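Coming up is one lone chain in structure tokens, specifically the form predicted alone.
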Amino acid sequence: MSVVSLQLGQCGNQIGHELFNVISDDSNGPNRKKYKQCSDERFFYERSTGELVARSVLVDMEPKVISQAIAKASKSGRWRYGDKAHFSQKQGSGNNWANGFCVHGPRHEEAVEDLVRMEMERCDRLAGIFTMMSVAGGTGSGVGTYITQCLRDLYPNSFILNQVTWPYGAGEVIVQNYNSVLTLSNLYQLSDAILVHENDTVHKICSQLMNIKHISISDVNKVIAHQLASVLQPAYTADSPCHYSTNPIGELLTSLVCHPEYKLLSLCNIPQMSSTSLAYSVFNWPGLLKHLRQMLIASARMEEGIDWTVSAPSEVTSGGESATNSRHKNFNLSLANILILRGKDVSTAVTDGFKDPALYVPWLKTENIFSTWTSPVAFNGYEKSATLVSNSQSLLKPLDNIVRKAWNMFASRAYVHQYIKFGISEEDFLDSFTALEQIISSYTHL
């Protein structure tokens, strides 16, 4: 089954290009014929010349980033984008969600839908639609939301997974929190799930784990692409224990999204380090899984700086007193988790620590809350690699920060006129705030 991707706006197009690069590199390693076959069918189609072409549509309101992505892909010699699978204009959306959603989206709806339809028709069987976009700008967020709305109308029974990148807390776009609030509140009604990457977290990974001194946008995008590929590449699942799973997006969503009120997914992956350090490092499954479990319950996005004092409620604290009565204030409660293990001796990994009912809400059946996917194939240069995709309270704090900052601006009606002139009213803002407050409340009171 195939995944059709949409790269929306500057951020989406840059991450999309890096993602296909990682997938292509990873699939072309030694001793992975079936793995490559499954991966290629999922993300590429083959021309009569034998060239692999990404199953992807590129959309931006400015041509520069798309042209760069197409040129780099062709230059790689391993894969390329389709000759007509892209749409761009000469004028951007000016970091204004309303301009993207109310003006550019409707104006170019038909052209983009035709491109998506062409990609859909190339698939023998569709696993789902995967979109990549930022929530902070104008095109990725505004046009991206509008296109997601169109896709939901056109393909009501298909899975839609939106990968979104949240802006830096001290971002350079003054209205980024408005754009984020409008994007997230609308996507929540349309998408089957929203998989979130935070720029601040990824930046820390580049700095502290990858030891990159001068961090570029490309460095950040490579980390995001590595994490996404670690989820999307072929693996054995509970539904498909003897063959690589054919439907990664379907299985991901049915395992993690138990209720339409809870659609926010976070992702963490270990180990992550520079290639220099990797050459001198040895990892074992007990060590990796111990760190990953603590990252989950302490809501840490990387293995450096984990708070080891946070414990699950049923555990006993170091002082001998049970934690059942008072849950640690930083404890991260989960609805569901998927653990994806790739690499050497994967069959020996013991995952019982993630099955502890104390990590989860009490109102879901234990067999529905945790899944493990595995692959004996080493991933992207790492002999052993573990990824956790989680539907939990971990995104509460950053979401609350975005809403609070946006509300503080809205209370004094700062920049609201810039949105009103493109057709977004104050009532639309208030509806978006209400929707996100409801999501925050739902996750807070799990």
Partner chain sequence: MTQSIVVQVGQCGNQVGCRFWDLALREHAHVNQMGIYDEALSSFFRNVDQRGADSTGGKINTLKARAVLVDMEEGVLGEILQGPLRSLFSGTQLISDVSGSGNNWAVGYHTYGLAYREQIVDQVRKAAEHCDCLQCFFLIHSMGGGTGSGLGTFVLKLLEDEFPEVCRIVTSVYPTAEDDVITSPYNSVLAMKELTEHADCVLPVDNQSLVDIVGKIQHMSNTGKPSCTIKKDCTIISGRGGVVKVEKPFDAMNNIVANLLLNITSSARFEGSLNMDLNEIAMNLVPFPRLHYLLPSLTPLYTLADVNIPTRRLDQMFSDAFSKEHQLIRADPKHNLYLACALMLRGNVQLSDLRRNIERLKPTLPFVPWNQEGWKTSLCSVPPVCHSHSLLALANNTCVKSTFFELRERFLKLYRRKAHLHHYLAVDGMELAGFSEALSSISALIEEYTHLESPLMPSAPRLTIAT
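Numbering follows the first chain given and starts at 1. Note that the coordinates shown come from a computational prediction; the quantities given were computed from them, not determined experimentally.
Keep in mind that the form predicted together with its partner chain is missing from the display, and what follows is about it.
> Classify T444 as contacting or not contacting its partner chain in the model of the complex by the rule of any non-hydrogen atom within 4.5 angstroms, answering yes or no.
Output for T444 is no: heavy atoms all beyond 4.5 Å of its partner chain.
> Any of the heavy atoms of P357 lying within 4.5 Å of its partner chain in the model of the complex?
P357: no contact with its partner chain in the model of the complex.
> Is the gap between R413 and its partner chain in the model of the complex 4.5 Å or less for some heavy atom pair?
Because a heavy atom of R413 falls inside 4.5 Å of its partner chain in the model of the complex, the answer is yes.
> At 4.5 Å between heavy atoms, is Q438 in contact with its partner chain in the model of the complex?
Answer yes; at least one heavy atom of Q438 falls within 4.5 Å of its partner chain in the model of the complex.
> Heavy atoms within 4.5 Å of its partner chain in the model of the complex: which stretch in 41 to 49, 397 to 405, 23 to 31, 375 to 383 meets that?
Answer to the contact question: 397 to 405.
> Which pick from I205, I338, V175, L265 sits with a heavy atom within 4.5 Å of its partner chain in the model of the complex?
Looking at I205, I338, V175, L265 one by one, just V175 meets the 4.5 Å heavy-atom criterion.
> In the model of the complex, which of the listed residues (V282, A170, A111, A71) lies with a heavy atom within 4.5 Å of its partner chain?
In short, A170.
> Would you give me the residues of 198 to 217 that have any heavy atom within 4.5 Å of its partner chain in the model of the complex, in order from first to last?
Going through 198 to 217 in order - heavy atoms within 4.5 Å of its partner chain in the model of the complex - the hits are H203, K213, H214, I215, S216, I217.
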